[in-house]
Structure formats: C-alpha cells, structure tokens
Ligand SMILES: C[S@@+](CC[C@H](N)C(=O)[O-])C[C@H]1O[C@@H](n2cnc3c(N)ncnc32)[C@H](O)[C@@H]1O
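To begin, one chain is listed below as structure tokens, in the form predicted on its own.
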C-alpha cells in the first residue's frame, strides 16, 4: 500500500485502456495520465485504493525513446487524444500487443494477431465533430471537454478533425458575438446554443452544420446561413436540432432544415451513403474502408451465400457484403438506423438485402425458426459484445464462417472463447487503427468450424 500525496519515482511499463501510463512501486500498481512505456517519472499519488493508486505527473525524469512533442498544444488537457505524445508506430505496436495480451488473458485465445493496420497520415481523419458551446469571460467558447470534466477547452484547430471545422467554428463564434445570441449553461439549463455539430463528406467535399439549441427560435439564423454560404465551400446543409432537456445527450428529437438538404452524401469505396444529422456513420472513412474490406475478405463470399449482418447499423457492412453475396439479412435495434439502411440499399441498387429492426437476441432466433439460415454470419456488436442468445443461435445454424468485427478486445476475447467451446476456431486477428492518438482499436477475425 502506498501513501496518499506522497511523491514516488515510477517507471511506466504499460498503457491502460484509456491511454494512461501504468507502473509499479514495490509491486503496487500506479496509473498516471500522460505516461508512456519507457518513461521514468516523478509522480504524486492523489488516489490510493486497496489494489492500485492514481498519480499526477510532476516531472519526466527520463523520457521514453517513443515520446514525442505532440503536434497539438492542448492535447494534454483535451479529452480527445490520450496518446498523441507517443510515436505513431509505437501506438500501433501497443495496440497489437494489447489485443494479443487481452485475448490470451481473458479468452485463453492463442491465435496469431497481425500488426495493426495504421494510417499513412494519422491526422485530420475525422469526418464528424461535436463542439460543446459555453461562456468564458463573457465570450463564447467552443471546443472539447477537458479530461474527466465538462470544462470546455477552447479550440481553434483540432489536428484530427477535417480542416474545414476551423472556419466553421470561427464563423459561428462571429455570428454569436455579432448578434448577441446566448449560449447554454448546463448548470442552470439556460441559454440557447448548446452544441455545434459538423459533418464532412471526405470523398464529395459536402458539408453539414448542425446547431443544437435549447429552444425553438434561433435569432438571425438567415444571417448565420449567409455567413456560412459565403465562406464554407461545399456547404450543402444547415440544420437546427432542438434539445430543451437537462441532459448530457447532444441531440433532441426535433430537427429543422434551415438551408439546403437534410443530408450530405459520401462514399465508402464505391458505395454511396446519405448522411443525415443524426444518422450514424463511421468517423474515419479511410480506415472504415480498410476494416470493411478485411471483413469482406474474411467472409470469402463466392456469390451463392446467404449472409446475416448482426448489429448492422445503417447497413454499411451489409452493402459491402451484398456486392458478393446472394442475400444479406441485416439486424439492428435502432429503428432510425434501419430506415437509413433501407434507403442506402436503394441508393446503391442493392435489391438482395433485407433489414429487420429489433434486439438481435430476439430477431436472429426468430429468423432461424422461420427457416432462414446463414452460410456466413458477420457480427459488429457494441462494446458490451454479443448476447449469449445470439451466439447460441449462430452455433445452432452452423454457418461455415463467422466474421467478428469488434471495438472492444475484452468482449471479443470473451465471445471468441465461447464460440471456441462450441466448435468454432479463430483464425488470425487483424487490428485496425480507426482512432489514431487514442487507446481505442478495432479488430476483425474470422472463425471457422473445426472438423470433429
């Protein structure tokens, strides 16, 4: 046990799931924000529990050979990029090792983990930004929340967002100041403008600006639209979303199109998607293509297969699969996402798709009872992983191949272990770096039936 508020020297030997450094003092685990493997740090403990402590970084005694000066001057405060101070190749190596160790520790899965697929340029990759709006010294500020708080770090430029956001932020600030439009205070639930959300089509250059308001009337909105039209190339949509609830949820239920269309268009590969204000679309389109092409490769479709895409979202993976499958059935619990999936299928002329709304653990067994059986199953579940009922139904219908796309190595390990017990063996695992400079990693793995 360590003492609270005492200073210790700490060598960082690993990273936690959120990118925090991990070291040991006399065998006792200490977490410290800002440390990376190879650092020797001076740390002051501010939280001490029975099995671990949390420390504050006071001084870097000896820096890690992988430590770099981050390109962003506020990355140490902003909650967006936890490991930007780490060389990019070292980030990729860390994610590979993390997947490998998690699979072994949780699932006892000893299979080959391939090197994480990274980006040639791991900056300016996000096609969507959500800027909370607040007041600081009487002036409107926009940016991202400080780590572990709702304090806004004022941002002029974010190095992982599309560059057009810098212009949009400045223009919205100009509009707010010029017309004295009030901004939201989450402590009092007063003030009008809560968030600015931007969406950009990386292939098309189309831009959407969403103004989230705590009230229906947006004063001088025509002047705001004119300001954006004159300065934002590719502007196709300006939308107002109304959220009058005292909540941390960004969007409300009512959306009004103030200018242009209520959607923008973008592509993943050769597939076209309409993206509305609230529709889900992967935020890194370049790496999404890499991930989905890997899923398609692992599905190994010949053209005569029936495929289930479970947790299909707006149908992005479904449409990739439909290009080479006889029939694709998509299942998703969010009704709006299924409506988007059907529209996206129509846009791309994919008549060999069918989409069902409902909880996967209810819909998938029902489809199987009706005699609809998959030759190949693709799952892309939320962080909590697959429901056991879904896994049992997959095993019962005995597809030749299962492709598991995961955003959480821990639940991936758990589910792979379960499927392995039921007669499926995991092939090589391919991590993909969808979110450079963060601790997150996506994985794609193929499972096949073992000969018994």
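Predicted model only: the values in this text are computed from it and were never measured. Numbering follows the first chain given and starts at 1.
In what follows, reference is made to the form predicted in complex with the named molecule, a form of this protein that is not presented.
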task = Tell me, yes or no, whether residue 311 is in contact with the named molecule in the model of the complex, where a contact means a heavy atom of each within 4.5 Å.
result = yes
query = Are any of the heavy atoms in residue 361 no more than 4.5 Å from a heavy atom of the named molecule in the model of the complex?
reply = yes
inquiry  = When the contact criterion is heavy atoms within 4.5 Å, does residue 96 count as touching the named molecule in the model of the complex?
reply    = no
query = With the partner left out of view, is residue 380 within 4.5 angstroms of the named molecule in the model of the complex by any non-hydrogen atom?
reply = yes
All of 329, 375 and 393 with a heavy atom within 4.5 Å of the named molecule in the model of the complex = no
query = Going by heavy atoms within 4.5 Å, which of 367-375, 82-90, 150-158, 351-359 lines up against the named molecule in the model of the complex?
reply = 351-359
remark   = The one option of 264, 317, 325, 193 with any heavy atom within 4.5 Å of the named molecule in the model of the complex is 317
request  = Quick one: from 135, 347, 334, 227, grab the residue that has a heavy atom within 4.5 Å of the named molecule in the model of the complex.
outcome  = 334
Residues of stretch 280-301 in contact with the named molecule in the model of the complex (4.5 Å, non-hydrogen atom) = 280, 282, 292
